[in-house]
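Let's start with one chain on its own, the form predicted alone, as structure tokens.
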Amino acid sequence: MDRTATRLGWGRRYVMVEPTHFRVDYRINPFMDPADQPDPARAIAQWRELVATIERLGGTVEVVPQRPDAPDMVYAMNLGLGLVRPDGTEHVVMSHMRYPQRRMETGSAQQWFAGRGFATSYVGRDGVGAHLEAGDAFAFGDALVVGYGPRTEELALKHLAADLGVRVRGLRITHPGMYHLDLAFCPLDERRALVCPAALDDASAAALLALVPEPLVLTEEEALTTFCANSILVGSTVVMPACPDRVRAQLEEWGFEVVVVDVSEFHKGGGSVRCLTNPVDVRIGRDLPSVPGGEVLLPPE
């Protein structure tokens, strides 16, 4: 086993949304039930513990205020795709949410990012372009790996590749409970990632397993009951909502530290550690190769 794999260059600067108005008002994923509301005090305590953990590990957190009418805005990963362009420009491709219940979030987030010097853009808006939700997109290997199907449309991949000048590898998501790629995929370093093939169709699962030289393959049950793929990496520490024993053993064998942070109140809305945190320090040219004109690669039909 190669123990010299390069650690991820990104994952140390995060944007989060304080859950001052977090609740479950509707049902847009299988985890949501308006009859099962999160406890507000417990939710804010869990969120603050996650912030403190990231900062203790050497990361930074910037906080976007939550709109009172946007209970899902706390899942900051889906506000937009944060990148640093080769010229140093900080850029966020704002999400165009599939469900109208969440679309107001990006307008407020766009103003917040712009006010802090980020360039912002969209691949689509209401009636125009294509739906994109940033929880479907990860820099890994030679490409931006993007899940499509439940939330992000296939057309968005073409826009992303052309607008950013990068290679996009598309993966078709078919599992109703893993509607974003961040529930089934977590990059760990240049060779390794947590992967749940059950989230994808057969061709996409094969393509993802071929892309990751050393995958830590999760079962459907592990991904759905523990949300363990919905984790983040800060340096060499994997911050997880839960960690099955066999997963912990493999991570520690690879040299990673595991820190578990309880964010179970947020599971009631269908998200966990990754959903609550949006990394904005992925650099095109360092973490994501530049490809003039862009390129889209899709699994076979």
Ligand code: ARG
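Start at 1 with the first residue shown and count on from there. Everything numeric here is computed off the predicted structure, so don't read it as measured data.
Absent from the display: the form predicted together with ligand ARG. The rest refers to it.
> In the model of the complex, do Gly11, Val84 and Asp287 all reach within 4.5 Å of ligand ARG through at least one heavy atom apiece?
Not one of the three qualifies.
> With the cut-off set at 4.5 Å between non-hydrogen atoms, does Ile28 touch ligand ARG in the model of the complex?
Contact with ligand ARG, yes.
> So, Pro241 and ligand ARG: in the model of the complex, are they within 4.5 Å at any heavy atom pair?
No - in the model of the complex, heavy atoms of Pro241 and ligand ARG never come within 4.5 Å of each other.
> With the cut-off set at 4.5 Å between non-hydrogen atoms, does Tyr75 touch ligand ARG in the model of the complex?
Close contact exists here: in the model of the complex, Tyr75 approaches ligand ARG to within 4.5 Å, heavy atoms only.
> Is Tyr179 close enough to touch ligand ARG in the model of the complex, meaning at least one heavy atom pair within 4.5 Å?
Close contact exists here: in the model of the complex, Tyr179 approaches ligand ARG to within 4.5 Å, heavy atoms only.
> Spot the stretch among 115-123, 190-198, 159-167, 76-84 with residues whose non-hydrogen atoms come within 4.5 Å of ligand ARG in the model of the complex.
Checking each option against the 4.5 Å cut-off leaves 76-84.
> Here the chain is shown alone; which of His96, His175, Arg102, Arg172 has a heavy atom within 4.5 Å of ligand ARG in the model of the complex?
Comparing distances to ligand ARG in the model of the complex, the residue within 4.5 Å is Arg102.
> Which pick from Val63, Val258, Met32, Ala249 sits with a heavy atom within 4.5 Å of ligand ARG in the model of the complex?
Answer to the contact question: Met32.
> Check each residue of 44-68 against ligand ARG in the model of the complex and list those with a heavy atom within 4.5 Å, in sequence order.
The stretch does not touch the partner at all.
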